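A single chain, nothing else alongside it, follows as structure tokens in the form predicted alone.
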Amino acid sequence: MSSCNNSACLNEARRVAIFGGTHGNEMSGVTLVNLWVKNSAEIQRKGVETKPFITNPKAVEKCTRYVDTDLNRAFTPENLSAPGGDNLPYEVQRAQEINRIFGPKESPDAYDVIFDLHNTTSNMGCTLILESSNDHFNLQMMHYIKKAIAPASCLVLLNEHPLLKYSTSRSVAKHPVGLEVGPQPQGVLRSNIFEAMRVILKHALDFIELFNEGMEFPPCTVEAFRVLERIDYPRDANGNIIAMVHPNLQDCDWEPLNPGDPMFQTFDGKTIHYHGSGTVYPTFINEAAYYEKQQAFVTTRREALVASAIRKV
């Protein structure tokens, strides 16, 4: 990134990928990508090569989240540099292949933008996931999308927590974008969720085309929810869950959780309250896929991120 008369000058985004099936039972992305593999006219834009790609075909075939290990946690330096071979977990082999096609990660040859399409069982609505508060291209894109779909809502989740950030499939790109849309059960396709995801992708690709054509985007502010902490379910000495998400919290993603508010309800009806130091905004509440990760929800803090003006070099 260079500076050009108070604007951040960025290279054109000429190579774009759309990933579906990183988790094989999240059906909106799987279905859209399969649709676009057959006919990509809808996602093509002037001067942009857009490649739809099924990232975890074996998991898609089995309609399961993954086969051996979570592909969306597999793009670590250790995995990507491990000697190849059939003895590696399937998703690690797949991560290496994806890195060869769309990377190498953190190299000049990596794809410019990767959209990774996900569904959640949580009541999160449409959520764009940002991996760096310093990615002004992505901030400007998210600002454009939010304006384009208004009054419909699309929130921004920022995860750059040093202990909670993970090595995503989209992290291969220079500008990684996660798109999480729910609620939708695993293995199920809901038309409203499918269409919401499709509309957001349309506006994201429109933004890239406009940027490449020379449009300058002025400075802007983007409301984001910064990941703070992962909260586990209450457990007994043997690690067994002993409480559920409280009815007052269930389906209340993005709503304020204040000290003293109900958080969990034990199986015998007792309430466990939130005892944090201040108001937080929980999300991924009671996500089905996160039981194995010992996560009931994550807490976030609402903040305003400032994006510099951008234009192409």
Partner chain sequence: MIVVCLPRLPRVAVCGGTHGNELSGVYLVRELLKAEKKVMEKEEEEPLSVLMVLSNPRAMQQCRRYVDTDLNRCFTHAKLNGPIPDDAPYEIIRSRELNATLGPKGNPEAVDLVCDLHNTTANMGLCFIAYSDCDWICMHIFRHLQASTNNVPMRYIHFDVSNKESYSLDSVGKHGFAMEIGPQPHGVVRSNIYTAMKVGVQHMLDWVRIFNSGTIFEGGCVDVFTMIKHIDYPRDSETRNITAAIHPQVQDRDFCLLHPEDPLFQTFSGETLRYKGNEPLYPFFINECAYYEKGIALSLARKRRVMIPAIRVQTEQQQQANKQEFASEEEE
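What you see is a predicted model, and the numbers here were worked out from it, not measured in a lab. Positions refer to the first chain, counted from 1.
Below, we refer to the form predicted together with its partner chain, which is not included among the displayed structures.
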Using heavy atoms only and a 4.5 Å cut-off, decide whether all three of S107, A110 and Y144 touch its partner chain in the model of the complex.
no
As a check of understanding, the residue in K51, K58, H246, R45 with any heavy atom within 4.5 Å of its partner chain in the model of the complex should be identified as H246
Of the options G187, G214, G84, P77, which one has a non-hydrogen atom that comes within 4.5 Å of its partner chain in the model of the complex?
G187
So in the model of the complex, is its partner chain close enough to S40 to count as touching (4.5 Å, heavy atoms)?
no
F194 within 4.5 Å of its partner chain in the model of the complex, heavy atoms:
yes
Is L35 close to its partner chain in the model of the complex, meaning a heavy atom pair under 4.5 Å apart or at it?
yes
Does T271 reach its partner chain in the model of the complex, with heavy atoms at most 4.5 Å apart?
no
Tell me, please, which stretch of 174-182, 195-203, 224-232, 149-157 lies within 4.5 angstroms of its partner chain in the model of the complex when heavy atoms are compared?
195-203
Scan 84-121 and write down, in order along the chain, each residue with a heavy atom lying within 4.5 Å of its partner chain in the model of the complex.
T121
